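Here you get one chain, nothing else, as structure tokens; it is the form predicted alone.
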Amino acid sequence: MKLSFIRASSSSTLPIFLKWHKTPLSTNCRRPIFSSRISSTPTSSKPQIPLFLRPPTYSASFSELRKWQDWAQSLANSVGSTFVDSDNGPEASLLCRELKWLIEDAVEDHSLFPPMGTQNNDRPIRLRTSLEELYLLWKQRIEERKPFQYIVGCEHWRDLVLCVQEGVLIPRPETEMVVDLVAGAVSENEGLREGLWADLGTGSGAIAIGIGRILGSCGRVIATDLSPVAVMAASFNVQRYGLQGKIEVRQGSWFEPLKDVEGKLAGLVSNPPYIPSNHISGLQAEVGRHEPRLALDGGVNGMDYLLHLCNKVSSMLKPGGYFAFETNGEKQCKDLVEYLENDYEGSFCNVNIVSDFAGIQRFVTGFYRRAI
């Protein structure tokens, strides 16, 4: 299962994607992204297990599954360009591809379930969820615009398959560059490669896991998030990739869980909320209605948490420590660099703005040095 993504235009430069699956990463086609309700936060103490990881304990006859597919295909086709026209959402062709991916995740052996038009029969098909649940999930996808990633419970990011659920931000392909930036910083610096890093606002744990896999044998990562649902999902993902000894997930707001490592970090990264508050209502329904507002809303101009990071990063990093922050685009990048240069003159060096895959100025990076 590999990603495929479609970039959507928006008044904000928040990276927005449609869905994901079966295309090679080099084609820039990844499972597109859409997200789930802001208000709907799960209360379960256990993470949602991705559909493709569940045991095939259910079954339906071939004809029953075909009936569901016909219904789901018809529902998807009925969308036409309605979502595109309303908020640049998914068109019917993408929804039909998502339906195919859903079948592949739900059916134990999807090769037994051939394309539409094949003669029906009543042989049993083993499923990872009930047929009733499949009807409900697809209605949620179309009628509620629930993100596909929340439907199947996972997102493909870099070479990872990460557990995501309502209450957890879906990681975007642009954010993969944070790991690439860190890889470049540590490639020729043993102190950074073997040091202690922090990922603030970790969400699914995507950045922390990506960094944890490129650090040296002594390198470690602390991943923090205020949301208990995000902490639960990140912990699940860390354990799934066997990185419990390298990555520690802590719950708390920004720097609060890091008091014991103040001044000891080799690096600090974050993809904080950076969307201006009054832009949230204009996002795609999959994002604005469903993804956690806590992970999106950056205050009046989107800069609240970016400035908070800048105000504390010098007290957290060791001399020579590295930082990388994701922003909403060119203006926020320039404002952030100006803020660091004016308010923290002499505290940082090699402060740079880095563009994302689409050429949009997206990241601010630099190194900490003690003021002379």
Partner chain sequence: MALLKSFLILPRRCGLLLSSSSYWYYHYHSRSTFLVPPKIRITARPLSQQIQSVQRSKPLSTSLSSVSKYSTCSSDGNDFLRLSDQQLMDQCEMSTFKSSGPGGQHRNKRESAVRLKHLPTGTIAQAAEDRSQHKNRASALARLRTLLALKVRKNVDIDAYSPPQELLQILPAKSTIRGSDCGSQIGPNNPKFALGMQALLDLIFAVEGSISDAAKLLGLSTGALSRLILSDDSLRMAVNELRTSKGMKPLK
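Positions refer to the first chain, counted from 1. These numbers come from a predicted model, not from an experiment.
This protein has a second form, the form predicted in complex with the partner chain, left out of what is shown; the following refers to that one.
Asker: At 4.5 angstroms, heavy atoms only, are Asn88, Tyr274 and Ala358 all close to the partner chain in the predicted complex?
Answerer: All three within 4.5 Å in the predicted complex.
Asker: Which is the contacting stretch out of 189-197, 147-155, 224-232, 130-138, given heavy atoms within 4.5 Å of the partner chain in the predicted complex?
Answerer: Only one stretch passes the 4.5 Å heavy-atom test: 147-155.
Asker: Identify which of Leu265, Ala76, Leu296, Cys163 has a heavy atom within 4.5 Å of the partner chain in the predicted complex; exactly one of them does.
Answerer: Checked against the cut-off, the match is Leu296.
Asker: To verify the annotation, which of these, Ile247, Val269, Ala206, Val287, has a non-hydrogen atom within 4.5 Å of the partner chain in the predicted complex?
Answerer: Filtering the options by heavy-atom distance leaves Val287.
Asker: Evaluate Leu283 for contact with the partner chain in the predicted complex, applying a 4.5 angstroms cut-off between non-hydrogen atoms, and reply yes or no.
Answerer: Yes.
Asker: Would Glu108 sit within 4.5 Å of the partner chain in the predicted complex, counting heavy atoms only?
Answerer: Output for Glu108 is no: heavy atoms all beyond 4.5 Å of the partner chain.
Asker: When the contact criterion is heavy atoms within 4.5 Å, does Leu94 count as touching the partner chain in the predicted complex?
Answerer: Residue-level check for Leu94: yes, a contact with the partner chain.
Asker: Residue-level contact is defined here as any heavy atom of the residue lying within 4.5 Å of the partner chain in the predicted complex; does Glu143 satisfy this criterion?
Answerer: Outside the cut-off, so no.
Asker: Determine the residues of 96-110 with a heavy atom within 4.5 Å of the partner chain in the predicted complex and present them in sequence order; the list may be empty.
Answerer: Heavy-atom contacts to the partner chain in the predicted complex: Arg97, Glu98, Trp101, Glu104, Asp105.
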